[in-house]
Structure formats: C-alpha cells, structure tokens
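Single chain ahead, written as structure tokens, the form predicted on its own.
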C-alpha cells in the first residue's frame, strides 16, 4: 500500500513514542556541531543559550541521526578575524559539518567564503541580514551551503522608512556601523526613505572601538535632521547616543533591532529614549510561536525579548532536523540538501520541541518529509537560503520592550512593493 501523509503521520507517532521512551538512554556516539556566536557581549549570550536549548531538546528525543549532539561553542567577539579563526578551529580540529552562526553579517561573510564553502560545511545563521549573501548565492558562490532564519536587511529598512513616514519626519540622519551589515543598511535605508519622501541629510559611518564618536555625531547633527536612524550595535550605539544627546540632538530616534538591548537602554537612560522606536522582524501570530515563548519562559524564567532568540532556536532546530534527515556520516552538503525535506510545505507538520523532533524521526525514517513549525512560524527558504518574516515596531519600557505595531508578512510584502 502506498505511504500517504496520514500513514506517515501514524508511523511518525509510533516512532516518536519509541524515541521518547529511549531518550534517557546514553547514545553510543556523539556528533559535534559548531557554533560561532558573540558570547562576550550581553546580547550575544542569550542567542547562544537559546541554540543550546534546542540541542538539549533534541538530545532528549534521542539525538540526531542516532547520535547525541554536542554543540561546541566559540566566541566571535563580533570580530571578523576572531570569528574566522574560531570557525577554522571548529572545522579543522573538531571536524564539524554544521556551523551555527555568526550574528554580524561582517563576521558571517568571511566565515562563509573562507571556511564553510571551501570546507563544504553547512552554515546556518540566526541573525545575519545583509543582502550581500543573496547576491553571493545568486552568483552560485555559496554552494547551497548557506541558510539564515533572519530576514534580510530589506525588511528592517522598509519598516524603518514606514516609521519615519508615520511619525511625520521630513528628514533623517543616519549613523551606521562600518561593516557589511551597516553599509548594506545605510544603502537600503537611504533609498527607502527617499521613496516615502523623507530626506536623508547625512549618512555617517561609525567604526567600533573608538575612544569617542564626537566627530561622527557632530557631522550628523550639523544637518539638523528631524530624527536620527541608528544601525549600530550596543557598544558603539551607547557611546554615539550619549554624544548625540549631550550635544543637543533630538530624542526622535529609529533603531535597528541590534539595539534592542537592556544594556543599551540602561546605559543611555530610559528618560532619553521616550521618543525612540525600534524595528525588528517578528514571530507570526501562530501557535508554534506561542509555544516557543512558553517553553523559553519555562527554561530561562523570562520573556524571549532579546534580538535573534527565536531565530537562533529555529536555526539550531532546522539544522538538527536536516542532520536527522541526512543520516549518520553525512557530509555538510548532504545536510544542506536535506533542509528541503524538513521545511517542506507539503510535509507532516512537526512542532518545535522534543516531541516534535521525535515525531520527525519517524516520518523521515519512513521516507516522508516534514513541515517544521517553529519559533518564527513555518520557515520557508528560497533558492538563496533566505526567508521572509513579519515585522514589529517596538519601544523601550522599564522592564524591556513593548510592541507598538505588528506587521504581518502580507503587510510587509505590500509595503515593500509600494516602495518600488
């Protein structure tokens, strides 16, 4: 009798029960995966902890491809050279075929081009958003090894322009980090602001590690904009905003998701951020996103409010599902090719937890495919390894952030289309 989706689901349920029953037993083998994430910065540690959370759940389901999973974590310090060295050690010394990370596009790009593609290692990033990766994939230079669970900078750029338009700002100055991500954001933001009739009065690059950003801030402030757009990380963002405020700059600010940080809020002072609005990609209004939120709170005792947390969870879980689908001793290319089997819109739906992974084992073993329903919803990769996502506009509060406006995937796509 042919295997239908219904019979596959039945096989999957039986296998899931068997897997859960034996999950406590020690595995005969261990498979290492690598993770290159910025654990030395306040917003990076939770991203790594969330990836480890997914690994722990998979191990509770019996591991992936018959082996317990060990995530070997290395700190990138948001530094390209450190990140590349860390990735090389994981690939050359630890022998990993799957690499999670990095966060910054400026770190992920050299890892991709000099480590994972030459080494035929699948790279799954939670948080790198530069459109340069899309171009590289279109040119056939990623070898099908690159995926990311975070939408491109085009989403944040468009939503930032929408915020400026809705707030009635006639002009905006931009401070952006002088790396691949920041340069991409500055280019896109300038075009999107122009499309909604907002004048960009200045666009100033900021290098990290400087003792002062007074010169850059003075240049942006001299154009007397109605608002300031910041595509920076917390360290340089904090210093730049302090300079901006001290020199009399407006409190009308629009922030990229990289500044969705408690440390940034506390270091600058909430009293100076009352008119500030941030943008971010968002989880959909779905049961799977709600389930992740509940599971995260049970594990960590707080809301998953930091940048990239849901994306980090999905990146790890999808990579591990693909490892399960590819089987033991699979190459990085095999794992990358198996991503399509675990994010198949026509596959058996599986939840983002231990039980869901156990169900996926059975379905995949029977020759079926699964539709992963995760923290960011039903993840769909295009031919370039990119995803689309809903978006949110947020503001700071005493305890973290709160949602100001939610834009569905349809809303985001419609607004982006209007810009063109």
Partner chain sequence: MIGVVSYLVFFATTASILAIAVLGLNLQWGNTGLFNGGVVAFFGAGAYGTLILGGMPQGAHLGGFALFYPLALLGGMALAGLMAWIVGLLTLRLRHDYLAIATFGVAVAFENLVRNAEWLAGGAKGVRGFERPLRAMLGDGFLYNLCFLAVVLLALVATYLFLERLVASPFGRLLRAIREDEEAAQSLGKSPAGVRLTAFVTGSVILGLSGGLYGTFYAFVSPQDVLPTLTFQIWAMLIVGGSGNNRGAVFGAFLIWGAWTASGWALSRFAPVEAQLYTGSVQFVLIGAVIVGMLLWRPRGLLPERLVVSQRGKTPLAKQGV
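Positions refer to the first chain, counted from 1. We call the rigid core the largest set of C-alpha positions that still match within 1.5 Å between the two forms. Only a predicted model underlies this, so the values are computations on that prediction, with no experimental measurement involved.
Note that the form predicted together with its partner chain isn't included here; everything after this is about it.
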- Query: Looking at its partner chain in the model of the complex, do all three of 52, 141 and 180 come within 4.5 Å of it through at least one heavy atom?
  - Reply: yes
- Query: Hey, in the model of the complex, is residue 188 touching its partner chain, heavy atoms inside 4.5 Å?
  - Reply: no
- Message: So, residue 115 and its partner chain: in the model of the complex, are they within 4.5 Å at any heavy atom pair?
- Response: yes
- Query: Does the 4.5 Å heavy atom contact test between residue 388 and its partner chain in the model of the complex come out positive?
  - Reply: no
- Query: Given that the partner is absent here, does residue 106 sit within 4.5 Å of its partner chain in the model of the complex, heavy atoms only?
  - Reply: yes
- Quick one: which of 85-93, 328-336, 342-350, 159-167 gets within 4.5 Å of its partner chain in the model of the complex, going by heavy atoms? 85-93
- Message: Using a 4.5 Å heavy atom cut-off, which residue among 305, 207, 171, 250 comes into contact with its partner chain in the model of the complex?
- Response: 207
- Among 277, 200, 78, 145, which has at least one heavy atom within 4.5 Å of its partner chain in the model of the complex? 78
- Those residues of 31-64 which, in the model of the complex, come within 4.5 Å of its partner chain by heavy atom: 32, 39, 40, 45, 48, 49, 52
- Taking the rigid core as reference, does residue 97 move its C-alpha 2 Å or further between this form and the one not shown? no
- Spell out whether the Cα of residue 75 moves at least 2 Å between this form and the one not shown when the two forms are superposed on their rigid core. no
- Message: On a rigid core superposition, would residue 181 pass a 2 Å threshold for CA movement between this form and the one not shown?
- Response: yes
- The CA atoms of residue 310 and residue 177 move 3 Å or more in the model of the complex, ending up closer
- Query: Between residue 111 and residue 204, does the Cα distance in the model of the complex come out closer or farther than in this form, changing by 3 Å or more?
  - Reply: farther
